[in-house]
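The chain that follows stands alone, in the form predicted on its own, written as structure tokens.
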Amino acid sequence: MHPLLQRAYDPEYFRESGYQLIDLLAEALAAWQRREGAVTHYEPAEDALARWQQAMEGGGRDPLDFFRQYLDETIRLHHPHYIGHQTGVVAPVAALAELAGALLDPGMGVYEQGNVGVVWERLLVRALAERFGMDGARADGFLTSGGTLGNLTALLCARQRQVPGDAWMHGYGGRQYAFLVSEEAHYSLAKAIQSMGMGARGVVPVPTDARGRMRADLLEGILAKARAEGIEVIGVVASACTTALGTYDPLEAIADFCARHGLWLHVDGAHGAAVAFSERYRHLVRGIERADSVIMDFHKMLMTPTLVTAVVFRRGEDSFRTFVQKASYLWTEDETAEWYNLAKRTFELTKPSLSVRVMALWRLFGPELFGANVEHLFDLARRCHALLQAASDFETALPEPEANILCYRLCPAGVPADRLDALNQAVRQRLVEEGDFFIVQTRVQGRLWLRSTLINPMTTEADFARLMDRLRKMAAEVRAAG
């Protein structure tokens, strides 16, 4: 064997490097919890590319040096001052589980290779379905790589069930099919529907109220108008919750509408369906048990490494309608509903071992851990929102948050309303380049807002108050600079 191959697979080299890496990461976690260091190392993309191009050409053999460089330059989601995107803060045990899954790396597409991981997927999905209020014995589904892929898979299944004939095999026959979708829905929904060949008319927008929730009272009229225009609506996509504002569509009213018209109800619960683990906030998804399909990300509020998305079907048999696949080298019976051969129901064949990341937390801490985190984050968001509302130089997009997402902006005295967007945008850019905090921005009803997702359980109101002070100082600097 080549010496480099021997080195790459040497158990002792792995042991030594692993111990060093764990020590390095543990020390970093402790430092971040003490609020030490920056959240992000900002550098223009072209500069980073040029610098790392030189590093690749120069080589290097010290694994600790490599990992230390990575740690120095990567954004630090575990730092309590990371209050940005809806990106989960991974529980260390879940990271260890991913390490085991990545090293062993069994493909989950077929049972003979994925075995225990495949079984775990079914157990987790059915347990999640029961949390939603569905019949766990009848529900079924799987884990997939992210909400975008999860939404697409669920809508493909809706198409197979709702469109006459077999669209997967024979197409649409020149007919225009569509879904009713909230104007505040995640962009992945439009991407999925148009990828399915329905075109721009395949997305029929539904207006939202002042809180960004789908106007269920308008659905009847919108459906009638679509039908008059020759559009055959096959389903409705509801959000639990919306990405920008974190608000929940009225699922019960939407489910009633779908039941009256025989339409498929899909709930994009990528972020907010995790409230099913919380006794205090479960009411926000009341009606989700009536959905035909639901997706939920474990990698957002449930502390699991990306990407782990559950795709749940209330009627488990529906999940086998999505694809018709011929793969005689994988299984003997092409068309049988074998739950344990997941590639019959997913896009992925060589599917990564996702279930080990979730099952490790479930077995070691119980699902109560998930509920505790959701409640902690939602409660924290409400306390931070109270700080914003008590400040005369900030305004909020909502009178109160529904989830752990806050949209707010600076409105200093003396700044004209038409200058607030530019001021807040400039302040956020300065904040990110400085590196002490990380927040993002969004647009709601045409106006720019600063946006924070309270997703790190180590973040406190004191951290958020410090952020507000930093924003004030930077706003003064921007205004002074003209």
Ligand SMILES: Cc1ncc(COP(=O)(O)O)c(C=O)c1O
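Position 1 is the first residue in the sequence shown; the rest follow in order. Worth saying up front: this structure is predicted, and the values here are computed from it rather than measured.
Another form, the form predicted in complex with this ligand, is not on view; read the next lines as being about it.
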Note to self: Counting any heavy atom within 4.5 Å as contact, can you tell me which stretch out of 383 to 391, 161 to 169, 348 to 356, 293 to 301 lines this ligand in the model of the complex?
What the structure shows: 293 to 301
Note to self: With a cut-off of 4.5 Å between heavy atoms, is H186 one of the residues that contacts this ligand in the model of the complex?
What the structure shows: yes
Next item on the list: Would you check, heavy atoms only and a 4.5 Å threshold, whether G88 touches this ligand in the model of the complex?
Entry: no
Item checked: 4.5 angstroms heavy atom contact with this ligand in the model of the complex for L307 -> yes
Margin query: Under a 4.5 Å heavy atom criterion, is G147 part of the interface with this ligand in the model of the complex?
Written below: yes
Item checked: Answer option from N151, S278, S182, N341, heavy atom within 4.5 Å of this ligand in the model of the complex -> N151
Checklist line | Contact assignment for this ligand in the model of the complex, among T322, N373, T208, T243, heavy atom within 4.5 Å | finding: T243
Check: What are the residues of 259 to 294, in order along the chain, with a heavy atom within 4.5 Å of this ligand in the model of the complex?
Finding: D268, A270
